[in-house]
Every structure is written in C-alpha cells, then in structure tokens.
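Below sits a lone chain in structure tokens, taken as the form predicted on its own.
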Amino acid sequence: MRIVVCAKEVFDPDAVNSYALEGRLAIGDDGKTFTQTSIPRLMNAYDEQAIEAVLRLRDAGQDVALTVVSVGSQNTDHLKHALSLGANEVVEIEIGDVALDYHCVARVLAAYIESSGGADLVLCGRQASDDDQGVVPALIGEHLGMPIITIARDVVPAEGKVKVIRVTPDGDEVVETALPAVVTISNELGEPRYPTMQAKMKARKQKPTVVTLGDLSLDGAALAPKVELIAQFVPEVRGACEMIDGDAAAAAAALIGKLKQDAVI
C-alpha cells in the first residue's frame, strides 16, 4: 500500500508566540512577511501526526510504503525529520519565486501524486498552524476524484476500504469509504513518536527527491492564484491581571464580589 503524506513547513508556533509576547514580532515593508530571520521552521504538527498514523499501521503489520511530499520549503529539515521517523521517500517540490495560494498548492500536490503513480491513501494534517485554513486536503480530493474524510483520530485501511474514526463535537463518528481516499488527521490521534538518534544521524545524509513545476507539466493557468494575501499584522497583546490580597476566606469573598460586579456570576 502506498500512502502519501502531504507535509507543510511552518514557522515554529511557540517561537512566533514568544516573539509576539515580547513585542519583537514585526512585519516587513511588504506588509506580508516577518522581518525575523531567527524563527525556526519545522513540520506542521498536524502533518507530523499524519505520519504517526502511517507508522502505527506499519507497527500493526501492514505493508506500507510511505512517501512524504512538501511544496516550496525554505529548507529540508522537516523532510529529514520524516526520514528519521521512517518515511521510505521524501519529495520536495520546488516552486522558485512563484507565489501559490492554497488552490495552487493543492493542484501541485495532486499533480505530483498522479505523476508518481497515484496513492492508495493520501493523509494530511487537519490544518496548518500558520494559516489555519484546512482547505488544501479537500481540494486535493477534488482534483484526484477521491472521497475525503476529515478530522480523524484513527485510520484503518483494509480490503480496499478505509475505516476512520472522526472527532466531532458530539463524540466519535465511525465512517468508511473505498480506497483511494484522502483523510485529514487531528491531534486527537495522540502524540507522535520521536526518532532515535541513530535514525536522525542516518537521515542527515539523505537528500529528498526534487521535483519542479516543469516536471509536473502545469501551465500558467493552473498556477494562477485565486486568493491573494494583501497584508498581515501583529495584534497588540494585552494582559490584565489583578492580585487579590488577604487570607483565603477574605480573598474568596473579594473574588466573588468582583465577579458579581462584572456580572460574570
């Protein structure tokens, strides 16, 4: 079974939050990009959980060939991380200076999957931590003509079908569809594993397969963005904390009084 995981390189969310809280996160003159060059980049955490879902299938005895593909990355550290976790192949699709929106990214990923022999299962994180849109997987499914199941916490493919446990506000939902299919993985899957030091050292020596837009035979119309980023801004971070002095009983009474005054209770 060939499983393709689509993995996005993102800014480390913890580092971005730290810069923001310290008032050191700034947008450049273009109004779109951060000026900080020291913010680490890593694999989107939801995509890492998609890899973990595949590794659990392998642990359960399924014969799985895992390919991890990324589009327009600044470096390949996240792909080397995928190799250290157990990916059979990692692929970087280079886009040069072309600006792609999520429609274009989905088309590029779908074109790669088709050109590389297809996939029995395509897994993606439920969303990316940088833009939180979560639309690329659905568009991949549309381009490939595959059914899509979202927000999965467990994936079990067998006999040409895949059974998925979805996370919903009303509890778990079990659904099934025929393969091939696209499934998005949520954090309810559980914590992803850490690679061994030996695996990390081995992965450092490996290089991803590089694919260009020309290799995918995509014309200008296919790569024309439908959505344009106009501007980003850093919201002002405000904090308001009031300390209540006194012993426990007095502090509790004062807290209740303030909550009633603010109509909270």
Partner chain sequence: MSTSVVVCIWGAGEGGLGAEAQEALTLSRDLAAALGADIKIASLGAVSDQAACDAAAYGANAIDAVSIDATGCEADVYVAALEAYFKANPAGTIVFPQTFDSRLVSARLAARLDAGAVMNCVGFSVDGTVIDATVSAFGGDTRAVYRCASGGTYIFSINPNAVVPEPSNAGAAAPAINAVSADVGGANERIAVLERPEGAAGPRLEHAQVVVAGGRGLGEKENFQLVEDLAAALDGMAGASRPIVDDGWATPAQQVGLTGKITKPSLYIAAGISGASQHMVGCAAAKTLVAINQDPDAAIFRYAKYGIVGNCLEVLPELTAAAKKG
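Keep in mind that this is a model prediction, so the values were computed, not measured. Residue numbers count along the first chain shown, from 1.
The form predicted together with its partner chain is left out here; the points below concern that form.
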Review point. Okay, which stretch from 75-83, 88-96, 123-131, 109-117 lines its partner chain in the predicted bound form, with non-hydrogen atoms inside 4.5 Å?
Key: 123-131
Review point. How about V156: is it within 4.5 Å of its partner chain in the predicted bound form, going by heavy atoms?
Key: no
Practice item. State yes or no: in the predicted bound form, is some non-hydrogen atom of P235 no more than 4.5 angstroms from a non-hydrogen atom of its partner chain? Key: yes
Review point. Is the gap between I230 and its partner chain in the predicted bound form 4.5 Å or less for some heavy atom pair?
Key: yes
Review point. Looking at the partner-bound form in the predicted bound form, is G145 within 4.5 Å of its partner chain by any heavy atom?
Key: yes
Point to revise | Residues within 4.5 Å of its partner chain in the predicted bound form, restricted to 144-167 and counted by heavy atom | key: G145, M146, P147, I148, I149, T150, I151, R153, K163, R166, V167
